[in-house]
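Before any questions on how it binds or moves, here is one chain, the form predicted on its own, in structure tokens.
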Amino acid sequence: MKFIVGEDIVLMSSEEKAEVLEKHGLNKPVFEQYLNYIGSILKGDLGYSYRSQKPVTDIVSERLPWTLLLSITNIILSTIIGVAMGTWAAWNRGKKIDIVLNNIFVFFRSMPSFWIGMIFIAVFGARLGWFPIFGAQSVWAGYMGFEKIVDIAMHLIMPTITLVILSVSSIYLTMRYSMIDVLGEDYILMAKMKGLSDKKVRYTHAMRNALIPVVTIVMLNMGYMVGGATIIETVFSYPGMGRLLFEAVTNRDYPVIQGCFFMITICVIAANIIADFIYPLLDPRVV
């Protein structure tokens, strides 16, 4: 009750408290509240925020596009870098470049996300002034058209680089080990015996089949990134779903917390469905 009306609860009469409980359906049995909530979700109603005093659907619709922009940009860049570097390292396995790349990406994987973000803010934001240090856009500047796009891109750079550093390692390592496994197959040996160039063997025959487990990693990252970027979005004050979830937990705004977890669930399911459609495109044997 206190989380709904705040400190004014001490000034409310019993009748006013009962009215608030009835308005939010909190005077009903828990099981009935649960059924009503499920029914509301099926209608697209995620509830009402106690803190913001507005529908959760409206709040989520404001924040979700920013997280999708950040997540999709991160997934595209980390996938390209991870797949390219993993393929190169596997082709040169055991050589100096392979050892160097392994050490670099393992080092990236071990770094705390908040520490990377704070270093970027301190060096490239505060000291050098190259990039904005918070938010997703300069709302007060009133940019329009191309200037607005550039402004959003500038705000996106540091959070994206931070996420890429954190997520590229898993893609690289998965691609490397998958590529090494594929390079040991008989059809790769046959392709080499036919006189095909190393480039054709590497990218046409080997890399395509090695991408199957990478797709799984990428799609899972995409699904969990909606809520998993909480620390990064908090460090950079980026107004996405991760930041929203942090604010909702801090304020104990339970309808918003439930709405965030519901959207995370939807994104994870959608990512898995997309992965199932991609598998046959890479390998027709996968049905």
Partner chain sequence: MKKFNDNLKLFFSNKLGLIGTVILVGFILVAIFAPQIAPYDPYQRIGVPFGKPSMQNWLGTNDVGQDILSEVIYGTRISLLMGLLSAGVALIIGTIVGLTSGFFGGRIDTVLMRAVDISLVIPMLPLMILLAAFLGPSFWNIVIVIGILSWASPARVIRSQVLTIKNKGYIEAVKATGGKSSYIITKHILPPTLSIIISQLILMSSRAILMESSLSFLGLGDPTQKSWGIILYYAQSRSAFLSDAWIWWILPPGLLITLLVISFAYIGNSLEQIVNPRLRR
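Positions refer to the first chain, counted from 1. Being a predicted model, the structure only gives us computed values, none of them experimental.
FYI, the form predicted in complex with its partner chain isn't displayed, but the following is about it.
Although the partner is absent here, E147 lies well away from its partner chain in the predicted complex, with no heavy atom inside 4.5 Å. Residue contact with its partner chain in the predicted complex: L245 places a heavy atom within 4.5 Å of it. Taking non-hydrogen atoms only, A84 never approaches its partner chain to within 4.5 angstroms in the predicted complex.
None of the heavy atoms of S49 is located within 4.5 Å of its partner chain in the predicted complex. The contact with its partner chain in the predicted complex, taken as any heavy atom within 4.5 Å, belongs to Y177 out of W130, W88, Y177, Y143. In the predicted complex, the residues of 121-140 lying within 4.5 Å of its partner chain by at least one heavy atom are, in order, I121, A122, V123, A126, R127, I133.
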